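Below you will find one chain, with nothing else, as structure tokens; this is the form predicted on its own, and questions on how it binds or moves follow later.
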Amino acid sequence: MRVWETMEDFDQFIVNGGTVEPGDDMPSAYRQEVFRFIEMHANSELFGGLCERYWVSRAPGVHRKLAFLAKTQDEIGHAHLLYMVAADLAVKSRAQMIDDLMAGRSKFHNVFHYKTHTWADQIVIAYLVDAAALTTQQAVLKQCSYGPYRRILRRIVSEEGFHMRHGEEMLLTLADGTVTQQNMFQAALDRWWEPVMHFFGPPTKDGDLLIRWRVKSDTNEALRDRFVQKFVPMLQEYGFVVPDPALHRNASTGKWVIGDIDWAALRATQSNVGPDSAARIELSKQSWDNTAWVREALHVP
């Protein structure tokens, strides 16, 4: 077990590229920040799995149903691994984390506070939301100072890459399809572009502890810009219009520049009062309650 006498010693250890392990006598502020970050990731993976499960029976054709069944298994598996990593920090038990989630006391990513209206909404999620998640997770994986999280992300990132490609393949099917299919995806893109921009979070504040302690390696703005530079031209190449009237290319740099972002909707989801927050939380509670017999049979708390 490593012990740091002062916060300055700990900060220098992090700056020098050190890796913190669960048994180390880490500062309580670091423990709390890392736990909060991983708990939200775990909650989001669980909600993502429940969203995918909803579409298993509604996906067109056996091939799509099998793909969504596999993706559901992946997302729930990610949540399971992340809850274990979070529990090792000894801030909350796994049971406490689940209880807080079902009671609406903890957070999950903003994109899971919205309703999926059509099959095309799910394709936007499978492509753009998974791509946004992959962008943020790759940035964490690059130099995360908390060892267990960095190691488990290697597996999660590899599987999220397959999920994004699955979404891209479905998008291309609609892009090459009928006018009705193309219009359906454009309508879904119109609904989801703002939530995807919100996914990366508001502008990073000076002194952000997650940056300071190398839990994150990039600011929210840098991650959002990286996503925009890659996916705006791809969407346009596929024949779709990015729903941002202020979107333009900087004449001198050639980079895409998005318009100002209204953060009101993000703040609502952060308080669990988004457009579909109550229904999502109730769905998760029903799923948890309906599977209580499995946990009882296996003596799982």
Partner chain sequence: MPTYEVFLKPDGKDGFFHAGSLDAPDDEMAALYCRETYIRRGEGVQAWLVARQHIVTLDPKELEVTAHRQHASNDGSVVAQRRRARRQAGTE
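Residue numbers count along the first chain shown, from 1. What you see is a predicted model, and the numbers here were worked out from it, not measured in a lab.
The protein also exists as the form predicted together with its partner chain; that form is not presented, and the subsequent description refers to it.
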What I'd like checked is whether Asp74, Met84 and Phe162 together line its partner chain in the predicted complex, meaning each has a non-hydrogen atom within 4.5 Å of it. yes
From Asp190, Asp100, Asp88, Glu221: within 4.5 Å of its partner chain in the predicted complex by heavy atoms is Asp88
Contact with its partner chain in the predicted complex, heavy atom within 4.5 Å, among Lys142, Arg226, His80, Lys107 goes to His80
Quick one: which of 239 to 247, 252 to 260, 30 to 38, 66 to 74 gets within 4.5 Å of its partner chain in the predicted complex, going by heavy atoms? 66 to 74
Contact with its partner chain in the predicted complex for Lys115, defined as at least one heavy atom pair within 4.5 Å: yes or no? no
With the cut-off set at 4.5 Å between non-hydrogen atoms, does Arg94 touch its partner chain in the predicted complex? yes
Can you tell me whether Leu171 touches its partner chain? I mean in the predicted complex, with a 4.5 angstroms heavy atom cut-off. no
Is the gap between Ile152 and its partner chain in the predicted complex 4.5 Å or less for some heavy atom pair? yes
